[in-house]
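Shown next as structure tokens: one chain only, the form predicted on its own.
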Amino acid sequence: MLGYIVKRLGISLIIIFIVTVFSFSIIHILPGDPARIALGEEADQAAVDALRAEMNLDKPITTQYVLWIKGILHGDFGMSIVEHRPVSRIISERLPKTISLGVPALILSVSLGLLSGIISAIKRGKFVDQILTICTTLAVGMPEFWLGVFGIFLFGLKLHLLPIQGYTAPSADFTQFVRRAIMPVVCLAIHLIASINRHTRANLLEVINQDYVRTARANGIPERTVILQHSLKNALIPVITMIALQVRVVLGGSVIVEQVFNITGIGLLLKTAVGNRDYLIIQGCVLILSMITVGCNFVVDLLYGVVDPKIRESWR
């Protein structure tokens, strides 16, 4: 097992390296001069050239990449071209906001998605399954921004039950954090709940029709045991993969939700940085998000062995 873990760690590091190379190259292809954008169109050319030299933008792209990697290895993500502050400090201010909303959204999504998917599979074709199918279909086709605006209108402006925007850290006021987080978390979770429901239902229906499941029922094993111990484990492998892939969407793709609810998280930071051509912030955000995504995939590889004994055997 140790050899398998070391191998997966090596692959993960290679993937992160490839992602940084591609993102670094693509960013520098974008039109626009970051120094000119930062100083304004009326700035003197000498000042622009001085800023470019200060930020190493006048050097070849390979040299810029090497200097950036050296800084990363020493814990230095560089200085923001626009904000003139350390990138690490900016990300450390924004990332906890996104994580504090993304983690509850993932927990909610996995819990409700698996539960509703199991119920749909067990009650296939019945009234409960039809209702859940309609709900998941609506959830998949419902845009996040529309759901957010509707929530603000109904629960904020009409019923006055929830704040319509802003963010409060849980360490500062947990009650206020929960009240402000309810609508953003639901907006982030709604699509993922529907996706997990569909994948769980489809895979579970495929598994419960297998011969070994019918044999377990014929031997008098309780239906609950048949579903939870014999069927669900085999149906979970593709669902686990899908959940891991959705982590990057919840964390990095939350820009719409953050913009609707005026939450200055990592998604909104990345969007603003792309508009400002703030290379170092973009590179830092992409690096952090790629590390989180690759880390989740690494955990998923280990979970495969927990779920499937055959995979566990292959580690030896």
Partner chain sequence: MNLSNVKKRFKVFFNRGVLSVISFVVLLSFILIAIIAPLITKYSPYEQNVSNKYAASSAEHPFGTDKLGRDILTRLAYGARISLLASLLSSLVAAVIGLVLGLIAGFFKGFISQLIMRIADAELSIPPLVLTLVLSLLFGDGVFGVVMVIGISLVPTYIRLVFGLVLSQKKNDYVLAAKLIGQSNRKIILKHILPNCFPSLIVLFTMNLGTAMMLEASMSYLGIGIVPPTPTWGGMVSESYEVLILHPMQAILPGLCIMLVVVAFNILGDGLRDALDPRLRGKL
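Please read all numbers here as calculations on a predicted model, not as lab measurements. Numbering follows the first chain given and starts at 1. Note that the rigid core is defined as the largest set of C-alphas that superpose within 1.5 Å between two forms.
Only in words, not in the display: the form predicted together with the partner chain, which the text now covers.
When you look in the predicted bound form, the only residue of I256, A47, I61, L67 with a non-hydrogen atom within 4.5 Å of the partner chain is I256. Checking V82, I122, V186, V149 against the partner chain in the predicted bound form, a heavy atom within 4.5 Å turns up for just one residue: V149.
Proximity to the partner chain in the predicted bound form holds for none of V21, Q176 and L302, with the criterion being a heavy atom within 4.5 Å.
Comment: 136-144 is the region of 93-101, 214-222, 176-184, 136-144 lying near the partner chain in the predicted bound form, near meaning a non-hydrogen atom within 4.5 Å. Interface membership of L270, defined by any non-hydrogen atom within 4.5 Å of the partner chain in the predicted bound form, is confirmed. Among residues of the shown chain, I282 is one whose heavy atoms approach the partner chain to within 4.5 Å in the predicted bound form. In the predicted bound form, Q130 approaches the partner chain with a heavy atom inside 4.5 Å.
Heavy atoms of Q165 reach within 4.5 Å of the partner chain in the predicted bound form, making it an interface residue. Scanning 269-304 for heavy atoms within 4.5 Å of the partner chain in the predicted bound form gives L270, K271, V274, R277, Y279, I282, V286, L289, S290, T293, V294 in sequence order.
Comparing the forms between this form and the one not shown on their rigid core, the Cα displacement of I37 reaches 2 Å or more.
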